[in-house]
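Starting off, we have a lone chain in the form predicted on its own, written out as structure tokens.
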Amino acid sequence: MARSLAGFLVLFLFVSICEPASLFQPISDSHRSAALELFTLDHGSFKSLEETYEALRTFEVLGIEKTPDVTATVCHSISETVGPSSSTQKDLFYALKVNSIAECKINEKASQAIITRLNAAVKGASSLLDFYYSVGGLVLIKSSKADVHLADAEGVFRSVKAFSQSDGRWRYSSNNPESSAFAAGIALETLAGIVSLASSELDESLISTLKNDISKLFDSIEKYDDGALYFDDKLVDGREHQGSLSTTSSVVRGLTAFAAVTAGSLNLPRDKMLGLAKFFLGIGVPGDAKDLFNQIDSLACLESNRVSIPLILSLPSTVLSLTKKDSLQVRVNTVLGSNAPPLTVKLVEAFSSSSKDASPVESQELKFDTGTAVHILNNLPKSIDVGSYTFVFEIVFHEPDHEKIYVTGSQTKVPIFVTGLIKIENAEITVLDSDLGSIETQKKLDLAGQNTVSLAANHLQKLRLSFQLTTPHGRAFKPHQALLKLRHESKVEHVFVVGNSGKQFEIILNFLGLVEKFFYLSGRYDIELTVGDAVMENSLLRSIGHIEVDLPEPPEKAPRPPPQPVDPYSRYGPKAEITHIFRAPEKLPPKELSLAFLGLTILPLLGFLIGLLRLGVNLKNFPTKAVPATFAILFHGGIGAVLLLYVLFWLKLDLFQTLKLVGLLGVFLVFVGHRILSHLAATSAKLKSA
């Protein structure tokens, strides 16, 4: 039972403190393992070029070297897509995206044909997605061919800008009134491509207007309590629902792409980028390949964006043991786990969750270990005792210029649990006289070891249990649970909360006032004490002993004990043995009398046989020809078989077996009997006519 309690407390501790702390851990090996599991090949290749790009892009960002070898199939698929003119713009776009990673060879003639097709598609585009695929394809070709430009970049820019709305969201086409943040991300990525393809700088007013649209879009951003920021759409194109992950990912890709091709800042608060990073990291490890790609690709965009690069402060462990003298360790990394620039981490405040007083610690600087890239505080402040705290950290850059590049937030609050061994002292259990309060029986207890106390009391006496709890620093400690349980031999249990005053814990049970609660059940009660807390390393569940309680007889209308719950698994256990009682056999007559009756039964048969011998056998009418003689023999043999069957029925066979055989023999006798009797009748008729 003690192990069960310890396991429960560990589980409680994990759920209560590890979950919020793990929200903002950088990308880890768990994401790499998930990528290899989610992106699997189907007959040697991925299902589509879009899925192929998502897989290769995810592997590239995560730095996974042992990836499936799909180069041959990918290059073959790319050549089949970029060659014929029947390929859709979407397929051509993803073929070029895959080629930007796979680096397959596309000949000069095919490249020129693609450029011509995409330029024609830009001129004939009528929806946002048409512009997105055609412009995006030209941008991908430009990465390898520097002479790719849009003839009328400013006109194309205005055509795409016509889909924007006043709230910063965008429509997919002029015929569709629905707008969304997801479409806004696509539009920003498309406009960024137009800017990069322009042969000259665009009108600055267009760029300024677009920056204002971005600010309006961020006015509609939503926020969680932990500081994570995200975008959400209910409808996309009036048909399809896009979740917050895909919507936020679309905006981040468009925002970072546009920021990369424009000069000046976007006038966005720096903490917005940190809030977006917290959203993607707070998801943990997605269980869907598309979601994993959106998470990893968006974090890669945030890692290299021009607005501000988020840095994440994380702790390898948020549980510190005073017994083991654990050190406080802090890591500061980018969202993908890369090392941060030179900086200092300070512990500026620490608040106890059970007290609203001022911070008991002064600002302390953590030492940086260059070997492990961890900031360490070897010794916790003396004012930190067992309990739950909120530590407040602050990051200071060594280079002032880094403050313009990176964003960490003003201060980072992290929940910390400090555990330790709680001293349990002066434990005793006493039986008191109810009237005078004098001690009838007193026993000292060792709650750290085993106890076998045996007590006795009547309904006019009291039971008192007391002990003291102190922290490693000598302060009073109040656990989450301090319970005393009395269990009657009939399995009826009673649980009482042990109260405290400072360090002293005490409970007094007045049996006179508890007779009805105890259902007037006299007899043996086992005594059990539970003291547990998430920060108490030596939580206990101890059997103290037992007490014999003598209670008065119950009155007529006294409450009865409730029925005890039945173990649902008990029905699978062994059942009670079933004992059959058979009827006593009836008294039988003497054996000699039974044999005498048997002899009388056989006498007629003997008389029949003797009569046959005296009369002789008449075979004059037995057929002489072969066929009639055969039927005659079979007929008499069948009658003999019936007689033999009667004997077998008496000795061995049951009724059903006998009836089955009688039926078969009856059919046989009818057939052969009819043939032989017909022959005898014909012979007799011939004799009479003669």
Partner chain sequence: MGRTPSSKEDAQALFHSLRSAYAATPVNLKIIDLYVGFAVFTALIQVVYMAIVGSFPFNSFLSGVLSCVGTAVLAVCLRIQVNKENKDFKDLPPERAFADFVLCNLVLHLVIMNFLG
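Computed from a predicted structure; not experimentally measured. Numbering follows the first chain given and starts at 1. Superpose the two forms; the largest set of C-alphas matching within 1.5 Å is the rigid core.
Absent from the display: the form predicted in complex with its partner chain. The rest refers to it.
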Within 4.5 Å of its partner chain in the predicted bound form, counting heavy atoms only, one of 585 to 593, 551 to 559, 362 to 370, 117 to 125 shows up; tell me which.
585 to 593
Look up in the predicted bound form whether residue 639 has a non-hydrogen atom within 4.5 angstroms of its partner chain, and give yes or no.
yes
Is there a heavy atom of residue 597 no more than 4.5 Å from a heavy atom of its partner chain in the predicted bound form?
yes
Does its partner chain get within 4.5 angstroms of any non-hydrogen atom of residue 608 in the predicted bound form?
yes
Taking the shortest heavy atom distance, is residue 502 within 4.5 Å of its partner chain in the predicted bound form?
no
Taking 4.5 Å between heavy atoms as the contact cutoff, choose which of 635, 39, 53, 59 touches its partner chain in the predicted bound form.
635
Of 474, 316, 604, 155, the only residue with a heavy atom within 4.5 Å of its partner chain in the predicted bound form is 604
Taking 2 Å as the cut-off, check whether the CA of residue 33 shifts that much or more between the shown form and the other one after a rigid core fit.
no
Is there a C-alpha shift of 2 Å or more at residue 61 between the shown form and the other one once the rigid core is superposed?
no
So with the core overlaid, does the Cα of residue 590 end up 2 Å or more away between the shown form and the other one?
yes
